[in-house]
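There is one chain below, alone, in structure tokens, taken in the form predicted on its own.
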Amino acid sequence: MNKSDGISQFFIRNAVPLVFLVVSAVAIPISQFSPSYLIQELLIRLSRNAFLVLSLLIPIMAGMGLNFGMVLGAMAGQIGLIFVCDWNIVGVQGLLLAAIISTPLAILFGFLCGIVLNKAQGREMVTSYILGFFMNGVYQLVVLYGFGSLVPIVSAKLLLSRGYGIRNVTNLDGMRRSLDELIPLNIAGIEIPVATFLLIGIFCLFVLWFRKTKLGQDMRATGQDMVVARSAGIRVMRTRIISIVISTVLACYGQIVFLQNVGTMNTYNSHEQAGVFAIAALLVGGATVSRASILNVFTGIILFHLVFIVSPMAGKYLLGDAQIGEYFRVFISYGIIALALVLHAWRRMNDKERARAQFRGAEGGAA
């Protein structure tokens, strides 16, 4: 490969993050936000979203692609938070109890999701997306009709006036920013959620350690070639299910971390965008359907949410309407997933063509 080919391949493989970098460089001056405000907002969004995005890495390593089914874990986390709010347990203790309650649910949801995805080999992403829609209906049915009737709920603040079903908005004031403010640190007026970043750091170390374990090596082998992995004695289907279970449990914890930062929970909708925004952020960081790293996670969150922060004000100053920026944010979140998937398919086709050309060249040289 000559130098020009190497440069072109670099731009092709990093097209998405480069586009966001250019958009951010243009929009930041137009938005007129101060550097301290942007840094504060980025720290908040990084602490809020990193856990959710990191939960996507293990299924990608196992060849399962982008796990849209992570919303099942988010639903489990929300159910745990509903129970904790009903029992009026506040602070970090409430978050821990919510995580303990929701873990068995997340394991069950992940196991069922893994079984379904094993039946849909090669179509895991679209299957997990549709499965998320199906489970959303089940979740809403249970929370809207089961809680307060079949599942006892004591707090009148949570229940609808009819006596059963949870209200549209669940107040998490008792747990709001309890993890973020556990170890307070303020530098030049910028609040840094030290405890949350420590938890994220532990998660990153877990991912690095997990890749070196026997199970992690089995997942990598499965992701590279299922036939070869099966020939090597790896229980491929079991390994794939375990990857989805781990991802679902981690997404459950990630949703709890996310909601404690926000302080309120939209009972019926908070989980719906968890998968889309997390996957979009990961793709913006330069990840693909088959390859993702911790660096992609943090790069993607910073670039993706930087555009989210500056686009409304940039739209207001540039076009006289902040709503234009809001439309742009919605367009970006879905459009970037479509663009990344198209680029991934195009790169795979190009790689195959290049491999064929090299093979023909080798044959010609041998002749």
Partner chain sequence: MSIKRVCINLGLVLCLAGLIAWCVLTGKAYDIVLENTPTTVAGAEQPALEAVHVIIDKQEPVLMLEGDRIISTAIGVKHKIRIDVLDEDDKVLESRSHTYTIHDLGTPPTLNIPAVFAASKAEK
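Please read all numbers here as calculations on a predicted model, not as lab measurements. Residue numbers count along the first chain shown, from 1.
The discussion below concerns the form predicted in complex with its partner chain, not included here.
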message: Test of understanding: in the predicted complex, would residue 100 fall inside 4.5 Å of its partner chain by heavy atoms?
response: yes
- prompt: Would residue 197 count as a contact of its partner chain in the predicted complex, using a 4.5 angstroms cut-off between non-hydrogen atoms?
  reply: no
query: Taking 4.5 angstroms as the cut-off for heavy atoms, does residue 111 touch its partner chain in the predicted complex?
result: no
task: Would you please decide whether residue 93 lies within 4.5 angstroms of its partner chain in the predicted complex, comparing each non-hydrogen atom pair?
output: yes
- line: Within 4.5 Å of its partner chain in the predicted complex, heavy atom basis, the matching stretch of 69-77, 82-90, 188-196, 254-262 is 82-90
